[in-house]
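Read the single chain below, which is given as structure tokens and is the form predicted on its own.
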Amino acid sequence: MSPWSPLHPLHLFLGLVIWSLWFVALYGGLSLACEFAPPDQERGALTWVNASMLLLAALVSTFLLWSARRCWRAAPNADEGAATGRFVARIAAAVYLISGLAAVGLALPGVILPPCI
């Protein structure tokens, strides 16, 4: 079975790995931006840093939610080891969904808070 197949066990934890990499990149990038190119505090939340974070969050969460949908749709079509394939696909879909929602939640403070406080 190919690792790209939604029935592969790799998908049971890949969503959380992607989310954790996003977490590190988001807050590491925010720290670097505030250290080397801090935006004007008077602009509040309307800064290039927040706009970048929100755009990247939209990309990451879209990918995670697409992956959740892909795994969920593959579950009824599981041929090889039908019960195992359905289990893996459904649990992987849930993990991707939770990771996608958490990725959105990480970026929500960027909507209302200034980035470098």
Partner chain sequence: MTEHRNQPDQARHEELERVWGNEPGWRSASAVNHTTVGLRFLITGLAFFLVGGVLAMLVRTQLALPEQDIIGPDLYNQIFTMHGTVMMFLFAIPVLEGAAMYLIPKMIGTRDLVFPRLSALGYYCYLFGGLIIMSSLVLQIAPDAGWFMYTPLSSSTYSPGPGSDFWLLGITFVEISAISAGVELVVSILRTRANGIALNKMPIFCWYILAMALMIIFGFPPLILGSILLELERAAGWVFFEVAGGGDPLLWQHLFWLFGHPEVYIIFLPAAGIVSTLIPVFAQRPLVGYRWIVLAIIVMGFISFGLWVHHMFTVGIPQLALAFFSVASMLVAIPTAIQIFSWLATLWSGKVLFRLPMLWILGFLIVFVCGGLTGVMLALVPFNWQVHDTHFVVAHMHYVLVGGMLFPLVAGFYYWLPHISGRMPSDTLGRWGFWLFFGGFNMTFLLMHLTGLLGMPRRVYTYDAEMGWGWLNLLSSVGGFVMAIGVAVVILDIALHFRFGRKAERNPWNADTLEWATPMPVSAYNFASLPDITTRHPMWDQPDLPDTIAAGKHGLPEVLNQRRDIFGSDAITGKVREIVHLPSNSWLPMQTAAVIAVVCISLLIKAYPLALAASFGVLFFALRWSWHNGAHPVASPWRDDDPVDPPLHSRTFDGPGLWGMVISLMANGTLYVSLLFGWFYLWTAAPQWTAPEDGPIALLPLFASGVLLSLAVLVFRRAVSQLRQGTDARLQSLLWLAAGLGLLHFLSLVWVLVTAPLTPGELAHDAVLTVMLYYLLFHGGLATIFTVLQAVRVRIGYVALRLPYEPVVVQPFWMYTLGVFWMSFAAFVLLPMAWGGV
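Positions refer to the first chain, counted from 1. Since the structure is predicted, the reported quantities are computational estimates derived from the model, not experimental observations.
We do not show the form predicted together with its partner chain, though everything after this point is about it.
Legend entry - Distance check, residue 40 to its partner chain in the model of the complex, heavy atom within 4.5 Å: Looking in the model of the complex, residue contacts with its partner chain do not include residue 40, since no heavy atom lies within 4.5 Å.
Legend entry - 4.5 Å heavy atom contact, residue 6 and its partner chain in the model of the complex: No, no contact at 4.5 Å.
Inset, instruction - Verify the contact flag for residue 27: yes if a non-hydrogen atom of it lies within 4.5 Å of a non-hydrogen atom of its partner chain in the model of the complex, no if not. - result: Within the cut-off, so yes.
Legend entry - is_contact(residue 57, its partner chain) in the model of the complex, heavy atom dist at most 4.5 Å: Residue 57 lies outside the contact set for its partner chain.
Inset, instruction - Using the arrangement in the model of the complex, list in sequence order the residues of 92-117 with any heavy atom within 4.5 angstroms of its partner chain. - result: Stretch hits, in order: 94, 95, 98, 102, 105, 106, 109, 110, 113, 114, 115, 116, 117.
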